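Take a look at this single chain, the form predicted alone, given in structure tokens.
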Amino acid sequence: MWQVFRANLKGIFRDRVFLGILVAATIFPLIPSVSSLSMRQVTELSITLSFSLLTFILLLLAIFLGGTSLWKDIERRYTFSIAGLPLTRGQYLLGKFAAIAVFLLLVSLVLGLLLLMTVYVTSILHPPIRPVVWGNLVLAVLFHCLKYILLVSFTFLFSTVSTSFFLPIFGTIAVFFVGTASQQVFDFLQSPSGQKLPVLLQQIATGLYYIVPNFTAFDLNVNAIYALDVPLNGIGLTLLYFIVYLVIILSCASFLFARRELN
């Protein structure tokens, strides 16, 4: 498993396509200038734009790295070499997943440092009304990273049953949008307007809410932008949610991959 992890991590760093995506990080130095166009709340706008750029880059990396990694190995028949190694299919899959997860962590570290530098420069040029809580910024970056690592697990789950890259990529995009909107839909169902919907529709929507991942739980942007306190119990529950959900998805992916016919 360690050899699979190391080989895939090296391969990711050598892949020019994904390194090209990181070129988007060069936009960070432009954010203070763009934020200055707002006559008020310049620092808040700088934080918002910085997080938007960070999440956009992590989303692209999560979808394309996860969606093509396992599929390319199956398509090129690299997976046949597993039979000659003291390695199970589950270990092979987990090694590839761990490489992408570590890569996203490293990317998040670099982008997080750029984000902090961008916000620092903006706060010096345009002192904010409310103080910047740097710990909230760090936590927000970390939880965004965890969110996209969880999203990568879905690309692997879809790759174990797919014969092309369409399902891993477009299926993961669908999971991302549904998981991002699930909390808002659930809140609407609890409102008086939502109670007027057909009962069957309410039950289906509620069932999907408990099945699909709730990515809203990982969003601490509001706390970072407006210097709001981050509840420790909420952080603990989100971390537990991340671990449990990740274990379930990877267990299902390993189970399906172990029983897949590799022709």
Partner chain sequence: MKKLVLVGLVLLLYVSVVVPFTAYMQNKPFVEKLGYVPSAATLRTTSLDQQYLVSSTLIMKVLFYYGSLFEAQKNHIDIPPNYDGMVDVIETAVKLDPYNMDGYYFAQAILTWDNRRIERANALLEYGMKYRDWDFYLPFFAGFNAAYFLKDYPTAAKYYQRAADLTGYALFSKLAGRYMYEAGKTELAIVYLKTMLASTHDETIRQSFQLRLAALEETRRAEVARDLFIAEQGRHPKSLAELEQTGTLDFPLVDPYGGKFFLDETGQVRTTSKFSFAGAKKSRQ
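Positions refer to the first chain, counted from 1. Please read these numbers as outputs of a predicted model, since none were measured by experiment.
Although it is not shown, the form predicted together with the partner chain is what the next lines describe.
Contact of Phe56 with the partner chain in the model of the complex (heavy atom, 4.5 Å): Yes, contact at 4.5 Å.
Interface membership of Tyr120, the partner chain in the model of the complex, 4.5 Å heavy atom rule: Tyr120 lies outside the contact set for the partner chain.
Partner contact for Tyr148 in the model of the complex: the partner chain, 4.5 angstroms, heavy atom: Heavy-atom contact with the partner chain at 4.5 Å: present for Tyr148.
Residue contact check: Lys196 to the partner chain in the model of the complex, 4.5 Å heavy atom: The answer is no: Lys196 has no heavy atom within 4.5 Å of the partner chain.
Residue stretch of 222-230, 196-204, 64-72, 24-32 approaching the partner chain in the model of the complex, non-hydrogen atom distance within 4.5 Å: Among the listed stretches, the partner-contacting one is 222-230.
Non-hydrogen atom within 4.5 angstroms of the partner chain in the model of the complex for each of Val42, His126 and Arg130: Every listed residue reaches the partner chain in the model of the complex, so yes.
Candidate from Leu109, Ala181, Ala98, Leu189 lying within 4.5 Å of the partner chain in the model of the complex - any heavy atom: Contact residue from the list: Ala181.
Sequence-ordered list of residues in 48-63 near the partner chain in the model of the complex, where near means a heavy atom within 4.5 Å: Residues within 4.5 Å: Thr48, Leu49, Ser52, Thr55, Phe56.
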